[in-house]
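Below, in structure tokens: the form predicted alone, a single chain.
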């Protein structure tokens, strides 16, 4: 069946709602219709209702089953401005009222206030804008201070790995790298219903090389274990040590729970992560789903600006499962 179809099927039984704030984009309109048709999630669009209805008409689509929320609704705007100010007392009421009328912020406040379960945006916005809106509204998970991303990598033999961070943090320090590991472990647990075995990757395996870059990874493992002692984190590992028990037994004196059996791979920087997932995708024939944003207190995810309606549906399904 494939992991994506499995996740979409799981979502259809959860009765989740997702807001798509870039509501006038024809791809968003089509994706909203598909979400209803496939019973993946309840789509919510925000904006000026007359403009959204006109966009549906232009696309030749029906808005049946789709909730349209007026972005200028006075009651909602006042409530969201109050909540925004409560989180950020240094922001004036005037500024808060202006900010919450912006689609991404409005969508984020819909999530933060509990009116919807998740937000998916980025078809017409930059990743940086989506992350900023999510940080200002939903905020971060406990013990997490930065957003990150992961890819679901489905290998030709159907084995699943999560790769992180392959899209957001260019050169994470040890603290950020630990946060990436913790967030990805949480994402894996929610999506796969399995125990995450998290390997922090390096060009060294347990002291086989000495370098500040290795030390950064070693420290990240220590921080992750300290923050989240219930999860299995280990490293520093070379990739083969992380995923092959045969190699792990040759290279390590003590294997532990993660070495040779890792299902979550944390790359030391964006160079390694981006190269790693693309090599796996294009040379090993793996399917790559993502990047999916993570680390927020409530689920918000990003889209490629070249996303097709089917891609938006897939990201919406994954994001709703993270709620």
Partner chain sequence: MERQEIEKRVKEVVSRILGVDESIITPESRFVEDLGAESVQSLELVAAFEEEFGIEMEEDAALQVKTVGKAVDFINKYLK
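Positions refer to the first chain, counted from 1. Since we're looking at a predicted model, the values are computed, not measured.
Below: the form predicted in complex with its partner chain, not depicted.
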_Which residue, 189, 249, 98, 115, is the contact with its partner chain in the predicted bound form, using a 4.5 Å heavy atom cutoff?_
98
*Heavy atom within 4.5 Å of its partner chain in the predicted bound form: which of 232, 71, 136, 167 fits that? Just give me the one.*
136
*asked:* Does any part of residue 161 reach within 4.5 Å of its partner chain in the predicted bound form? Heavy atoms only, please.
replied: no
*With the cut-off set at 4.5 Å between non-hydrogen atoms, does residue 155 touch its partner chain in the predicted bound form?*
no
*Answer with yes or no whether residue 223 is in contact with its partner chain in the predicted bound form, where contact means some heavy atom within 4.5 Å.*
no
*Even though its partner chain is not shown here, does residue 210 get within 4.5 Å of it in the predicted bound form, heavy atoms only?*
no
*For the chain seen here without its partner, which of 85-93, 176-184, 195-203, 235-243 has a heavy atom within 4.5 Å of its partner chain in the predicted bound form?*
85-93
*Check 102, 105 and 132: does every one of them have a heavy atom within 4.5 Å of its partner chain in the predicted bound form?*
yes
